[in-house]
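Two separate entries follow, structure 1 and structure 2, each one form of the same protein chain as structure tokens.
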Structure 1
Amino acid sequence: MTGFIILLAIVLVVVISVQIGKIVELANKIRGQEESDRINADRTAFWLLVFGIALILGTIWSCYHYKNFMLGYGPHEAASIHGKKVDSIFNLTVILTGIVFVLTQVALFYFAFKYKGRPGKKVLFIPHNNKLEFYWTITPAIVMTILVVSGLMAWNEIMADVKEDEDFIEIEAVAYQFAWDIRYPGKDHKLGTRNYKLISGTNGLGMDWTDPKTHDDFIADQIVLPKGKKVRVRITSKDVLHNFYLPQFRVKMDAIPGLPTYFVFTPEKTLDEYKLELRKYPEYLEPSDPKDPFGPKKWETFTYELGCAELCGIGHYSMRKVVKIVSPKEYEEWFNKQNSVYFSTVRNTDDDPNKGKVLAGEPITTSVETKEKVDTTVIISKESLNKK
């Protein structure tokens, strides 16, 4: 019903516009073309001026009104160290292009009003002006140089890879239609080898179980990272082009099939700290669900989130993953509770290339007989067997 009403309204607007056109045409014949042209020019100039003023004021008002919802402003300061550099470059771009926007729009609509058509008025034709062309060339050149140089310096700083002697966490994000697999290294802090040829129904990432580094790797259902620790994310895709996007951390990088990329960042705000910032602003004290005025507030339901910023298919909207930034202690507690994919689902199955073998450091089970002739099970390691 709503769609029919909208369609009817559009048809009515078209009909009214056609009728107005006919009325204007009839009035022109009655009044005379010259007088009609003057009136049309005055009307057009006036409404162009009104539109120009409304455009500039509306732009300024909307920026101010919605500032607390925009990244980089209000409570949405960057939650990563490098994010501050991104925001500063963005602000510099907004300031310089904003000045150009205001000046050009003022000139455009003012000139349209001032130089409206008049009978007998002739246009001044200026084929060449060295001074004007000099300023019109040098000014954009200076502005572009400032933006390009500052942007390039920021890019080189932000996209620098980790050094071998640095203390960092490396995780892997694998995109596919329409979800993310997040792989963590185990206690060896090294991600194992993957091979797309090994991908199967039971090995979705193609992890190479002959590589000992894969044995303690685990896949997490959410991204959990410690505050203040540098993180390197390996990013890749199994099918089409995706994009790894963490807006609050100013992290954005394409996930490309066959061409691994990476991003390095250091989170410096936990989720709880970010929520406390949101709590200071009235926009986030409103109910999260407008239909439930007594329900949780917007700041309470806020969460960091990984999204896909590349239109990748009909399920693009569902490529979301919860992100939590916690204290180092909380991270260690969470990390120690995770189970490796290999030992929890693959070990001693038909997919295990090490089936029947004893692996170094692997907990194994054996039976011993006590003096009371009662079988019991104890856990020993390969190292303890070797000692005996």
Structure 2
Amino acid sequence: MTGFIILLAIVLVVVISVQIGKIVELANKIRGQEESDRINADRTAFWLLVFGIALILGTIWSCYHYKNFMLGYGPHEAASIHGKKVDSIFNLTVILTGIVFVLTQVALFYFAFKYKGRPGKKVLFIPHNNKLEFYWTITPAIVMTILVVSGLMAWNEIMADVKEDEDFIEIEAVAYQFAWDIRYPGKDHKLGTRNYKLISGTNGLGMDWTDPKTHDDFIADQIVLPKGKKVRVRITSKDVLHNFYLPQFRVKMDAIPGLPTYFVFTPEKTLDEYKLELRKYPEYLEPSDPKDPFGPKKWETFTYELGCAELCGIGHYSMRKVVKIVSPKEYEEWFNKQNSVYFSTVRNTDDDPNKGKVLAGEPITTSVETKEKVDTTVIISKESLNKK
């Protein structure tokens, strides 16, 4: 049905246009060519001017109307420290390009209106004007210099890697078709070695268990990070290109198989703080699910998200992960509750290369308990694999 309507609409537009064309031509014939040319020129010039004005006003109006969509305004304020810089350079560019936009579009449509054709009218014969051309070459050059300098200063600051002595958390985001695995380094604050050849059903990231640094690494189902602490994300991919994209934090970096990348950022607002700010905006006071008018409001269901911003295949649009920024205290609590992959699923199974060995620092008494727990998990995951 929809299709029929669309096809009908297309046909109708064409038919009506053709009819209008015929009528106009008939009218022109009646009026005489010269007269109708004159009227047409007046009309077209007028509408070009109207269009020019409408374009400017429409742009300004839409900028105002959609101000909450723009970087640095309303709910779209960056939630990270470097994001503020991105937003301010965006603003600077909006202002500079906005001025150029208005001036050039006004000139274009106004001249088209003002200098509409009249038979026999004399034109100004000016093939060039060196002075003018010099000025309008140098002006954009100056404006561009401002943008380049401010942009690059911010860029080099944002993209700088962490320094050795800095206090930061390093996590790893591994992308694959079509999800993310987020690995935390555990208590030693060091991510263990991975080798893609070791990837298997029970070891999705290919962690090398002979590296003791992997033993306390854990995989989180959400990205949880403390407010105000520098985070360095190692970004990588198992199969094709993906892109680690945190819209609210102005973070974006490709995940490339076999070629590690990283992004460093400092979250500045906890999720709760951000949500409270959203309450100020009417569009977030609406129910999240339109079918359920009394359900939770949009600001309540809102959450920071991680998405993929590089086409990676059929499930590209579904690579979502929830991101939570919490206070350092909450982070500490959450962190302590996480179970390391190794001790919860691998230790002393057949996949464990250290089977039977006593690891330094491992409490011997609990190892039996862990083992039992482990076995069940492995069986379950194997069964679920078989089903697939």
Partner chain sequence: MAALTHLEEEKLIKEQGYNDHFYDHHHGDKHQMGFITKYIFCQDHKIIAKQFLITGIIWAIIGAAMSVIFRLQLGFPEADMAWLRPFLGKWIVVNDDGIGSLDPNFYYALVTMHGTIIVFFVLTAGLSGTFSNLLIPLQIGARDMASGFLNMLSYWFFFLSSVIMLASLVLSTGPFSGGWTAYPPLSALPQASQGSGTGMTLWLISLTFFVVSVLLGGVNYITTILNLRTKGMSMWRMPLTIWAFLITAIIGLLSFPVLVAGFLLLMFDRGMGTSFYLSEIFIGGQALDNVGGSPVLFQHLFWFLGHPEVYIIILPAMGLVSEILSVHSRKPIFGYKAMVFSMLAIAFLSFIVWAHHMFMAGVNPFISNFFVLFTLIIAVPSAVKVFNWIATLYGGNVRFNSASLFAIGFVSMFISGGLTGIFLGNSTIDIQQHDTYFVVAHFHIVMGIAAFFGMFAGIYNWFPKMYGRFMNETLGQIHFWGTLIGAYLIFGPMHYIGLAGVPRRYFRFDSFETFKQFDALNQFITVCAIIVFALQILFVVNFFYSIWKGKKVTSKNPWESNTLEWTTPIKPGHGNWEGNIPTVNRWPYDYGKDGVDFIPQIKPLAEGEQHSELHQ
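Along the sequence of structure 1, residues get numbers from 1 upward. Take the two forms, find the largest set of C-alpha atoms that superpose within 1.5 Å, and that set is the rigid core. Nothing here was measured: the structure is a model prediction, and the numbers come from that model.
- One chain, two forms displayed separately, with the form predicted in complex with the partner chain being the second of them, structure 2.
- Core-aligned CA deviation for Ile169 between structures 1 and 2: less than 2 Å.
- The Cα shift for Val102 between structures 1 and 2, taken after rigid core superposition, is smaller than 2 angstroms.
- After superposing the rigid core, the Cα of Leu57 is displaced by less than 2 Å between structures 1 and 2.
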